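Taking the form predicted on its own, here's one chain by itself in C-alpha cells.
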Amino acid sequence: MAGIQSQSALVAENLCKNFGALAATQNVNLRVEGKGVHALIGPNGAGKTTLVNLLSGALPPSSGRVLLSGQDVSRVDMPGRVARGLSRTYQITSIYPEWTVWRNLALSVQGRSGTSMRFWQPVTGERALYRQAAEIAEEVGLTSRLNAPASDLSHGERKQLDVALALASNPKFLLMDEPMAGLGHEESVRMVDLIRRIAGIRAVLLIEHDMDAVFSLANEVSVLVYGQIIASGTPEAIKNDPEVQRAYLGDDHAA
C-alpha cells in the first residue's frame, strides 16, 4: 500500500480484526477522500460495523493501520480521533431522551471546546454555546425542535439529532452507520438530502442497506463480504460487477 497516504484521506491499510478464531475483517484496504460520499455495502455479518469501529477507534486492530490525514491513528482512542477530525453516527441513536435537543447539542459542542467537565449552570448561560448548537440544529433541520425533549422526537428526527451530535465536533470525516435504518419514505428523502449537503463540504463514509440511497449519493462504493473488500469503484461499475452481483446485489441491479 505504498503511497496510499494522503493529507485529505481516511485510509485503512491491511486492516484485520480477529475475535478468537473469527476473522471479522481481513486485510481491508480502503481510502475515503476528503469530500463526497464513499459507500460501504455488504450483506449482514460482512463485518461493516466492525470496520467502522476500527476506523472510529472503538476497537483496536489486530493488525494493519488506520491513517487520518496522513497520520497513523491506529492506537488513538475515539476522543483522540474526534479531536483529529473524525466523527461517527450510530445505528441506534446515542442521545439523552430526557434532555432537550438544545441541551443534547450543547453538551457535544461543550465537549469540542474542551470544557465538558464544567457544571451545567454556568455553561447554559453562554450565548456562544447556544448559538453554535442552534447553527447545528439548523444544518440538520431541527431548528423548530430546539426546545423539545429528545423523547418527543420522531424516529427520523432522532436520526437527524444523532447526525447533529456527530457534526458538533466539526469533523472533516464523518462515518455514518445505517442512518436510514427504520425510516419511512419522507424521512429517508430528508436524510438523503442532509447527507448530500454534508458531503458537499466533508468526507462521508456511508454504511447503508438502502441501495437506492447508496447509488444516488455515492461517488465511490466498496463492497465488503466475509470481512474482505471484494470490489471498489463507481456506482455504475459496482452495479455491473459480476462478482458483486453474485455475492450481494443480485440480478435486479444488473444493467
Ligand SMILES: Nc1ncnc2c1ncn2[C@@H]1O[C@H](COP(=O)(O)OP(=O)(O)OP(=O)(O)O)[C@@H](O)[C@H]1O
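A residue's number is simply how far along the shown sequence it sits, counting from 1. All figures in this text were calculated on a predicted structure; none of them were measured in a lab.
One more form of this protein, predicted together with this ligand, exists but is not displayed; see below.
>> Given a 4.5 Å cut-off on heavy atoms, tell me which of 63-71, 198-206, 36-44, 182-190 is the interface stretch with this ligand in the predicted bound form.
In response: Residues of 36-44 come within 4.5 Å of the partner.
> For T50, is any heavy atom within 4.5 Å of this ligand in the predicted bound form, or not?
Replying inline: Output for T50 is yes: heavy atoms within 4.5 Å of this ligand.
> Is A24 close enough to touch this ligand in the predicted bound form, meaning at least one heavy atom pair within 4.5 Å?
Replying inline: A24 belongs to the contact set for this ligand.
> Is the gap between E178 and this ligand in the predicted bound form 4.5 Å or less for some heavy atom pair?
Replying inline: The answer is yes: E178 has a heavy atom within 4.5 Å of this ligand.
> Would S94 show up as a contact with this ligand in the predicted bound form if we use heavy atoms at 4.5 Å?
Replying inline: Output for S94 is no: heavy atoms all beyond 4.5 Å of this ligand.
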